[in-house]
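Take a look at this one chain, the form predicted on its own, written out in structure tokens.
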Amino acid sequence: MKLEQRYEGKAKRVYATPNPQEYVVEYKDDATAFNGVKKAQIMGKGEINNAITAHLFPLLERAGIPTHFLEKLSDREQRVRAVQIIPVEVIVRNVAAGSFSRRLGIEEGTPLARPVVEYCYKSDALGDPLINSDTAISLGWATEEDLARIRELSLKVRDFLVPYFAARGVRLIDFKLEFGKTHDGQIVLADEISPDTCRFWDAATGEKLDKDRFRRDLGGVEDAYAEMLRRVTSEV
């Protein structure tokens, strides 16, 4: 049962439930880019992102990565553990792309010799600015121990997802993660893993299968999302 709305973000709404340790998350079709400057609706996006996340999070749990996910309730809804989101977003980069390429003058598509882990302050109003670990600790957004655990889990997510997608003909270029703390202080993976939060390129053609199709006006956004759902849930 959904009670009062607790939070609404760019892609999801979060509702309280009769159990204070659980929330219901509802996925929306809203799409934004460039920190909300560009907005549109991608029909079916909410259902697809919900389905992809609901498929991947239990696999990550079995791989030893704790998550907030409990069960898929409907096409657009999940039951999750209630967490306090840590306001430090994590970006894990395997290949140069997007802002990383622009910022450092590195050609998009250049493989990185090792994964690059970056941190951003989770703030829509400020455009999620890039920060370092000292900033997060100094301003009280996370402790040194929190960041060490977050980095460890982020790289474990990468180590699971890279071969998982490779087996399905997809290169995982980079991805964003969010983490939260449960009532007993456990750090768990939260939010979602989807074409909204990852860069997916077809391994054979280099075709973009993610939100860059929306950001860059490439067209075929709905088809790309549907293709990623098909690949994520396919058996290999």
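Just so it is clear, the structure is predicted and the values come from calculations on it, not from any experiment. Numbering starts at 1 and runs along the sequence shown.
This protein has a second form, the form predicted together with a small molecule, left out of what is shown; the following refers to that one.
Legend entry - 4.5 Å heavy atom contact, A97 and the small molecule in the predicted complex: It does: once the small molecule is placed as it appears in the predicted complex, A97 has a heavy atom within 4.5 Å of it.
Inset, instruction - Determine whether any heavy atom of V170 comes within 4.5 Å of a heavy atom of the small molecule in the predicted complex, and answer yes or no. - result: Because no heavy atom of V170 falls inside 4.5 Å of the small molecule in the predicted complex, the answer is no.
Legend entry - Contact test in the predicted complex: D128 vs the small molecule, heavy atoms, 4.5 Å: Yes, D128 is a contact residue.
Legend entry - Close approach of C198 to the small molecule in the predicted complex, 4.5 Å, heavy atom: The answer is yes: C198 has a heavy atom within 4.5 Å of the small molecule.
Inset, instruction - Please name which of the stretches 72-80, 140-148, 109-117, 89-97 has residues with heavy atoms lying within 4.5 Å of the small molecule in the predicted complex. - result: Stretch with heavy atoms near the partner: 89-97.
Legend entry - Proximity to the small molecule in the predicted complex, single hit among Y27, F179, F175, F57 (heavy atom within 4.5 Å): Flagged contact: F175.
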